[in-house]
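In structure tokens, one chain follows: the form predicted on its own.
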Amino acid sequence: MAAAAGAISVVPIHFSLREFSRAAENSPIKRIPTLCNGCSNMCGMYVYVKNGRIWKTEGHPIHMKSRGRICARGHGMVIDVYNPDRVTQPMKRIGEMEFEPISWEQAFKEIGEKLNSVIEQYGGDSFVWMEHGVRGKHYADILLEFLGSPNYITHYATCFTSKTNVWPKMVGTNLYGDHENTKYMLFVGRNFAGGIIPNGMNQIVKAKEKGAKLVVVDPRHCELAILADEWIPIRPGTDLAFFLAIANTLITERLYDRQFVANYVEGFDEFWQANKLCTPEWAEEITDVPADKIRQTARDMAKAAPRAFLETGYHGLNAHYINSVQQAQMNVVINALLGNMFKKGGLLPSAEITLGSLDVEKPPEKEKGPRVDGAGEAGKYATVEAGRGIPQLVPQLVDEGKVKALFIYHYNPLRTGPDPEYQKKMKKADLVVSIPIDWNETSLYVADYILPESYFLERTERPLLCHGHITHPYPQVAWRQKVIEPVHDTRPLLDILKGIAAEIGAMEYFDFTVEQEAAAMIEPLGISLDRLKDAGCLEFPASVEEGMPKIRGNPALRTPSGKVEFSVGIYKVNGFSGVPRWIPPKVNPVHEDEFRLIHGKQPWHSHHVTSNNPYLMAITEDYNGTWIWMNRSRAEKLGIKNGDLITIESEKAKKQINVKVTELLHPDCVWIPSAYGGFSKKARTAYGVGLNYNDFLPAMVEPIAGSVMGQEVIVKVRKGVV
């Protein structure tokens, strides 16, 4: 195959079907390295192409996330390039859920005129860019700077804003579990086997083979719990109490690393004075976890320390509760008490390497007003990261007339944000432009224009530094590059913005190519663009070393004290507690037919992103994957049996779904997968399949980090259609 990769087949212009078949059969197979788009891991992969079409894929052996493996999502998403439900060319709204195809030139001209009109009339502060992740941020920043807008907003309020808010303030950086070299792993609300990191799971398996213990604390017996030595079912929303009791045990029994705390922790006494009454007996009443089990967990971790850790994973609990910030703070506290930071088998930082940048002309600086969502500004949301923003406020801000133009890139807030009817208020903006792949709900219901981006296999992007989620001491640079020519009349994001820029007088600031960017970024590494193109992913000498960062013998973390700070100053300045304290969940079930509605991933889906993929949805059908889970004892009291149709109702919605009755779920909750509930008729595979927790969830804002509090909702459950 490798020998044939560079060959080019030549076929005559006129040939018979037999000749065509023979030419197709004998055409070379190309193996092209790129990056997966099945989830935010962006694992390295090789894609095999024959006759200009995708044949198969396999994991890249070097890339730290895949190491030769690709999950079901990766395999399924590769073939989605041929999904008939893709948006095939620019579209303009002509009615309710009605669009007409237009040329790119017409789309750019009309969008440019309307955008200029909005900015002239209302100013740059009225423009908002929203996206899933940050892959478009580099180009969005140029547009925002030209328009004079500070309003860049990500989806992270539904994902991990509590962690990214807390760790830089308490530790100055993010640290990750050294899974392969540890002796004890405590996973709380984090499911590597459901939100799959292929090499992360590989590291966990290797650690267990060497004798490491894996304990999973989760209301649901999740996929990772299958591999665990112990599963501890906990009442949802009470993980903070569990953490406080773990810390209480470590401190009262003098099991914590007193030398590490003395040398590298600031604010220990303040934390302890606030929480010395949070005993395991106190926590047992709140969490349903026996006091003896809490104590034993703390003792086992201390015995294995510093080669033990509480998993720091980005997701899990970090956007679900009113107390999610305090949960994230306690993650730092417990790991610091174990003395595991910057130590093998404990927590280590990501490998780093310096990339270059392309020297291009930048828009002149314009005076910007405050962010429209208030994130990071003096006032109500001063502690929310301005770089993340508060996406669930955007519909309200449109309704209030504060947002007039809205670009939505690779993001579907009508399905992945709370309360879809509330999200539809975005259509009131003077200009809404959606840049998707397929006919998602946001495009169908609120967009004035749809500008389809080329699929990830049809475009080349800027190289990126691989990092996060799992420990890997060797820095890596990986490149997503085009595998096939676009199947439809679509364009990559940079070309889309170039077209709009030409109409608003900003073209000179987008006068570069992705390849020019790539060459400039890798120049400090001493490698050529051809080498990176051929390899797809390159690894460099190790840059991660054990040991707390120091300057002249003193701790040198990027915090005010240079140490791990148990008390966050900016929280106190803004009226919050600096140290974590017990805060109960915002809402709780009371009556016999009430449950907390919780949700999570499945190994073959990435929330709603993959729900219109027929191959992955076939797995859903095989496993009754849309069914909601309910504890058997609670189901029996309500006369509900496995497979029954039940009614789920909150203040926002009433819907029906089949139920899986099981002992593998805490009695206080029902669990639903987050992938389903599609209501775009143009996304035919996903349409009308299953339910989505966001249907039942009101739009809320946790005040410190700005999260949506996605599991702070109580539903009534009744048998049959009510």
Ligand SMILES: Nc1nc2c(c(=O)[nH]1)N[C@H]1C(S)=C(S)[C@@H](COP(=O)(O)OP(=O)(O)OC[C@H]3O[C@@H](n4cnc5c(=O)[nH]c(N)nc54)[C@H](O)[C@@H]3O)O[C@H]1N2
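In case it trips you up, residue 1 is the first one in the sequence shown, and so on. Not measured: the values here are computed from a predicted model.
The same protein also has a form predicted in complex with the ligand, omitted here; what follows describes it.
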| query | finding |
| --- | --- |
| Contact residue in the model of the complex, from P280, G536, G600, G345 (heavy atom within 4.5 Å of the ligand) | G600 |
| In the model of the complex, the residue from T383, T471, N191, N335 that sits within 4.5 Å of the ligand by heavy atoms | N191 |
| W167, T312 and E377 all contacting the ligand in the model of the complex, non-hydrogen atom within 4.5 Å | no |
| Interface membership of Y411, the ligand in the model of the complex, 4.5 Å heavy atom rule | yes |
| Proximity of P436 to the ligand in the model of the complex, heavy atoms at 4.5 Å | yes |
| Partner contact for V128 in the model of the complex: the ligand, 4.5 angstroms, heavy atom | no |
| Distance check, F696 to the ligand in the model of the complex, heavy atom within 4.5 Å | no |
| Segment assignment from 638-646, 268-276, 253-261, 605-613: heavy atom within 4.5 Å of the ligand in the model of the complex | 605-613 |
| Residues of 106-141 having any heavy atom within 4.5 Å of the ligand in the model of the complex, listed in sequence order | H132, R135 |
